[in-house]
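For reference, the chain that follows is the form predicted alone, supplied as structure tokens.
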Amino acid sequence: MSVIEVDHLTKDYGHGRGVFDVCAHVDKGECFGFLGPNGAGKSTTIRHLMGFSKPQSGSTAIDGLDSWVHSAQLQHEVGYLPGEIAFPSGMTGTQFLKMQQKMRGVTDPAYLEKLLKTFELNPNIGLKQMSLGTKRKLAVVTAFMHDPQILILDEPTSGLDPIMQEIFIDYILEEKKRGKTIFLSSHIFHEVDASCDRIAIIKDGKIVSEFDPEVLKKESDKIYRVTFQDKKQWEAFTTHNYHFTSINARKLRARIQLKNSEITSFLADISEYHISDFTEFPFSLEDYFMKFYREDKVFEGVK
């Protein structure tokens, strides 16, 4: 049985908003990436996993327990980081952490101290005075302070600077090595690509693709760009029956998309020409993602 299970989850808010027949699972020790722009249904799915919302149909479960029925128990045990954070006013970060320690029954401060050091957080300032980045770091530390075995993270690095984003990714990779089970929702390609064992792409409340990124990298078409030394050779090459994604007469360039089965013959063909530049473009999660989201449409937050 999977540690985290989303089974045909549907919640229809009307006007195409919500999630529709979403299925996903996360096995023990796995980091599962939930990738999509703002409004695609990521947070709705997570709110159901955490037991904040009741499904219209289908179900969600954590450790075999129905999320809605056992919400109080699961919320106490799971490490949850919400996408939008809010703290009570009139407290310092230290006071807030002490309150959370008491609520969660944390008696050993050693892991908390490690987190404060890892994320370079000084909590001895008022919550009102904290910057957005500092508040996000406080939320991260609060979610992890009881050293939970299951982490559910909604846009975890939103508001963190690039250096702290890398620190966070390194931390997630270490937690995976410790056997943690992680559900990570994000719109940041690098974050998902660097940390996740499997990825699902969600669009308009429906999962449109689920894949192992390492397998996809090996199986995906390869893209090469070739620059020729003279126009005649460029003209001769561009008559070949390859899938040209772009042809540039001014720069004497051609960009070719090839299946793995075509690469050997392509290299044999290209060896007959005089070329000045040959470049292979590596697999890009963003390119694959954009197959499902039209490139001429701008989505806020997709990076």
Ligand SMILES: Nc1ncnc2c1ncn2[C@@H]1O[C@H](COP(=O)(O)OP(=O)(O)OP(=O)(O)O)[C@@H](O)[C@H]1O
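The numbering used is simple: start at 1 and walk along the sequence shown. Bear in mind that the values here come from a model prediction, so they are computed numbers and not experimental data.
There is also a form predicted in complex with the ligand; it is not shown, and the following applies to it.
In the predicted complex, I62 stays away from the ligand, with no heavy atom inside 4.5 Å.
Using a 4.5 Å cutoff between non-hydrogen atoms, K135 does not count as a contact of the ligand in the predicted complex.
The closest heavy atom approach of N38 to the ligand in the predicted complex falls within 4.5 Å. Taking non-hydrogen atoms only, K176 never approaches the ligand to within 4.5 angstroms in the predicted complex. Comparing 230-238, 259-267, 243-251, 42-50 against the ligand in the predicted complex, the single stretch with non-hydrogen atoms within 4.5 angstroms of it is 42-50. Exactly one listed residue, out of H146, H187, R225, K180, brings a non-hydrogen atom to within 4.5 Å of the ligand in the predicted complex: H187. For the stretch 14-36, the set of residues having any non-hydrogen atom within 4.5 angstroms of the ligand in the predicted complex comprises R17, G18, in sequence order.
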